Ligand SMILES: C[S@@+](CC[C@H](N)C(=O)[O-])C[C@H]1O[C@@H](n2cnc3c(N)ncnc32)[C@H](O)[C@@H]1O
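Form predicted alone, single chain, as structure tokens, below.
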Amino acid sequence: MGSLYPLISAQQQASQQLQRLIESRIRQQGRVTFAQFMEWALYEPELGYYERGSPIGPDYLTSPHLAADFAQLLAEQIRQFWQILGCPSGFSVIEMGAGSGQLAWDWLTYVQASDLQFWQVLDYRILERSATLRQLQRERLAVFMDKVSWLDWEGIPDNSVTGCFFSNELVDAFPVHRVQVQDRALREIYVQMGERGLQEVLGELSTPALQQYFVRLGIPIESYPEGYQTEVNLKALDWLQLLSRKLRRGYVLTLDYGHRADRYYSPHRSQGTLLAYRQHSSHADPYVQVGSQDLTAHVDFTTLEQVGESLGLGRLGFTRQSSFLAGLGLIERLAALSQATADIGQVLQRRHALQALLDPMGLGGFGVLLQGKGLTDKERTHPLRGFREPELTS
């Protein structure tokens, strides 16, 4: 086996190259919003975190990499969507941000083996902006090339999709603006060059949309304590507009870590939710190992619901991942392990994985939001397997 040191060294070199590139741009054009810095750090071609992948493994735990059960139960819910719509002869499933392709592999493998009728009408598409990840996905999904296609938003005609758009841990990776309360006014956090490198500085808001964001939510953020910081995900609003334009009839299913607005923007959450992840640990400094660490901010589900409603994406349900997967049969799968005849080590490993998917302090605490468009009253009110528990209110 080759040493990891050359890989680590290559990562460090790429990180230093990206850091120099960002610093050069800021010297030339002046300070930039944190959203612009985050865009470069994550998506700069060949150098950003998502553009060059993670050669020594994922930097944090995700549901698809724990067990195939996650994708299989997700397939069960999406198959029910197809049935509710009357089993149309063409049904598109569009995964937004497919990562390594593991979820798609498990999803397609399960549907192909379990439901030939659904499989025959299925059109699985992937929206992935990272060229590196697209190549990784193509390699992993080579056996499904007659069923899977890759495209961008421009390749989807408006009002053309009958089916389901879905994402898992996508919205929390959208670049966010960061704001701070100063002298009872909302200011924006910018990134500029200082004597020791990148540093933060406060300035006027880069767009009125930041102030309007809190007005729409009815949150008096200017009255919050001096120094209060948080994030605003304006990119998510553009994303919702794209979804509403492309979807003709069907569903949008969003799984991500986040909160309703009253919890997200609580006066007590005074430093926001932005975190950096590297090698299974997290910290709050986005300016170290630029390009070699992931950056995320929690999702404001209230805004997804409110703005979605205004765009014709009606709210159909909101629950936690633990309840969502339990409603689709994860508890029964756990119980069946007690009767399993497989190797005890494999049984214990799978049990641990399934329990992790349900852990309310971890992956089980993810929010699951379902929105729909073009549905009849009967379709909108049809009971859904993954949304049997009472609606979340906070």
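If you're wondering where the values come from, they're calculated on a predicted model, not measured in any experiment. The first residue of the sequence shown is number 1, and the count goes up from there.
Although it is not shown, the form predicted together with the named molecule is what the next lines describe.
Residue-level contacts in the predicted bound form: of Ser244, Thr319, Gln293, Asn168, one residue has a heavy atom within 4.5 Å of the named molecule, and it is Asn168. Scanning Gly327, Gly48, Gly367, Pro64 against the named molecule in the predicted bound form with a 4.5 Å heavy atom cut-off leaves one residue, Pro64. For the named molecule in the predicted bound form, the listed stretch (266-274, 84-92, 127-135, 200-208) containing residues with heavy atoms inside 4.5 Å is 127-135.
Within this chain, Ala173 lines the site of the named molecule in the predicted bound form, having a heavy atom no more than 4.5 Å away.
Heavy atoms of Ala98 reach within 4.5 Å of the named molecule in the predicted bound form, making it an interface residue.
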